[in-house]
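The chain below stands alone and is given in structure tokens; this is the form predicted alone.
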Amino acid sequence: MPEAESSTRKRIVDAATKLFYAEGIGRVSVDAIAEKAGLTKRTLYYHFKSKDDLIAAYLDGRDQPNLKQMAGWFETAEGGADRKVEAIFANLARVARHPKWKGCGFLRTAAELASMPGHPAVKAGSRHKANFEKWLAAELSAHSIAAPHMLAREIMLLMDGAFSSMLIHHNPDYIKAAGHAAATLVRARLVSATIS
């Protein structure tokens, strides 16, 4: 892809990301995205054949930065795997206190597209959640924790449940409680490994 084309595509995705995250995918028009990007709608459609493809690009663009951020929180936390997992949740609670925080963009988008399971954005969200589970399972395995894949999935359930509760209650304490529960699960696996 030529550099100018890549730069234009990035402008479109950046504009879409800001609008979709702030307002939701259903409330944002292609016209609004083109305007925010400072381009014509025709130029937008040159780079993306549909709004659906642009929604998927928005989520795909959030995948690695989100994973890198959570991996950074895990790596820099002091203590064992339980404290490192809990640090991810503690940092999410801190981020959730920011006035512009609107929840997990992947879950919000999936909720808007619940009747369309084959939508490219739903698939992008599924890939992101699977990437997080895979990364976390590898970290737990490196800390010699038994059944790391199942534990990573259990932690993912706690995280997504907390994200949902925070959207309803607007209270980051839910994710802190989920972090405490996740750390407890990790400690329980560590204890059962030393007993057996």
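Heads up: residue numbers just count along the shown sequence, starting at 1. Predicted model, so just to flag it, every value in this text is computed and none were measured.
One more form of this protein, predicted together with the DNA, exists but is not displayed; see below.
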If we test each of 167, 67, 30, 156 for a heavy atom within 4.5 Å of the DNA in the model of the complex, the one that passes is 30
The DNA in the model of the complex has a heavy atom of only one listed residue within 4.5 Å, and of 47, 129, 143, 36 that residue is 47
Would residue 171 count as a contact of the DNA in the model of the complex, using a 4.5 angstroms cut-off between non-hydrogen atoms?
-> no
### Message
If we define contact as a non-hydrogen atom of the residue within 4.5 angstroms of the partner, is residue 41 a contact of the DNA in the model of the complex?
### Response
yes
Assert contact_stretch over 58 to 66, 131 to 139, 148 to 156, 22 to 30 against the DNA in the model of the complex, heavy atom within 4.5 Å, equals 22 to 30
